[in-house]
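Here you get one chain, nothing else, as structure tokens; it is the form predicted alone.
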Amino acid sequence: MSDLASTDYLGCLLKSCPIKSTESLSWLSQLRAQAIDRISTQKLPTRRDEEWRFTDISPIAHLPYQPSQPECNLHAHDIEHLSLKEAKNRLVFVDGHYSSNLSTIFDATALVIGNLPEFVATHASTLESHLGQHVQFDNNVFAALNTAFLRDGALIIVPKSIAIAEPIHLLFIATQKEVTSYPRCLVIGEAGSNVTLVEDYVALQQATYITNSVTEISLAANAQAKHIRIQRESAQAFHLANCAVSLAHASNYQSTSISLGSQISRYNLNVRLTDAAAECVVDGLTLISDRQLADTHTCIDHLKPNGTSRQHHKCIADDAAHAVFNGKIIVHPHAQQTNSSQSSRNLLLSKLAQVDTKPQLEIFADDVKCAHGATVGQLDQEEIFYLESRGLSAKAARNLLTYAFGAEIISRIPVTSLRQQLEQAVLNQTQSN
């Protein structure tokens, strides 16, 4: 991708930004204006950039899609198959725009939940201290674009010592073709709170479009959050996502990310353990075929002592698909007695499939327990032979082993109806011809 193509793409998008840098802007308008200023100094990443050397996103430069418009013609029955029966609270965004008609909110008295603009005046100080403060856009052009076009967004604030028993479903539906949508999520867990969040990206038709999402999660002392993220968009789409999590003292964050859709997808997850005794568990599964490219970049940043992190990421690539995993764990000098492990396991189902995996440890403390490992291979022939000896055909044996490889991650999802949906999706996709 040439610098000229990158400049043309960003310049075209900037022309459609409604916010200009002027004096006397509100703090939110100032945030958008800062993002616009940063975009003008950046370029789209290329494979010459170390963090993108396995992922070619040059096709996006030829698709300067304008922002989607709020043109929702959906009815409740159109998305009934996407609902989660356990979720009483559901926020629905269609092409990035909030739909109050499709959303259901039951716990408005127990927590702050809804479309972000509705709370800008009543929760200004809280929003200003978190929105745009966790996902940095100084050197991240896609985060800057999302912030520049920030309008609607999912906001969840769980008050101190409140535990929300049922999961909260954030449903982002793509319906328009040849547009870019900019989903935004902000989740704040106050001290001692507990919440389960399902962040779900789906498409109702096969179409080419761009989803550029940003999610920010902040957990105060002793807060807990389970975060399930599902990306099952159109196989012709482009999905670019950034998520940043900030963990305070003794807080606990558990993440499960499933990537199934999109022609090209990139998910950046950065978890910062900013105080002592924080914990995180980061699980992921990528399941792709045809010529899909799915890139997952994670960074778990231990800043204080006695932190614990565990990461287990799996990729299954078939046909000519290409999966990328880059996982970094950083242990700072003051983060003594950190206990951290990272595993990357990858399964190739064809001779043309490709996986690039790069687990990394950067340790600057001497009293730690850290380990990492990576494997890339095909199905074990001895296991196939064993299943054949028990009466299964070679095809059925391969399908069963492939399904079991992916189902291990999905089995950790605590929402039963979603887990069943995904188990069926994996079962369907792992059935070889």
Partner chain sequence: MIDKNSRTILSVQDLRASINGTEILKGIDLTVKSGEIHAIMGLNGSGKSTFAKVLAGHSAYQITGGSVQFEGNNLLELPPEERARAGLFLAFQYPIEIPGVANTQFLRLAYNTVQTKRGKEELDPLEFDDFVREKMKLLEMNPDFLDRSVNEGFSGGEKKRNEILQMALLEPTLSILDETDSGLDIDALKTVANGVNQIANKNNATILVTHYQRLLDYIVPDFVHVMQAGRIVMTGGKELALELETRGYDWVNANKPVNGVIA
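Computed from a prediction, not measured in an experiment: that's the story for all the values here. Residue numbers count along the first chain shown, from 1.
Here the subject shifts to the form predicted in complex with its partner chain, a form of this protein not shown in this document.
Contact check for Gly373: no non-hydrogen atom falls within 4.5 Å of its partner chain in the predicted complex. Using a 4.5 angstroms threshold between heavy atoms, Glu383 counts as touching its partner chain in the predicted complex. Contact check for Gly391: a heavy atom falls within 4.5 Å of its partner chain in the predicted complex. Under a 4.5 angstroms non-hydrogen atom cutoff, its partner chain in the predicted complex has Tyr403 among its neighbouring residues. Segments offered: 404 to 412, 365 to 373, 37 to 45, 56 to 64. Contacting its partner chain in the predicted complex at heavy atom distances within 4.5 Å is 404 to 412.
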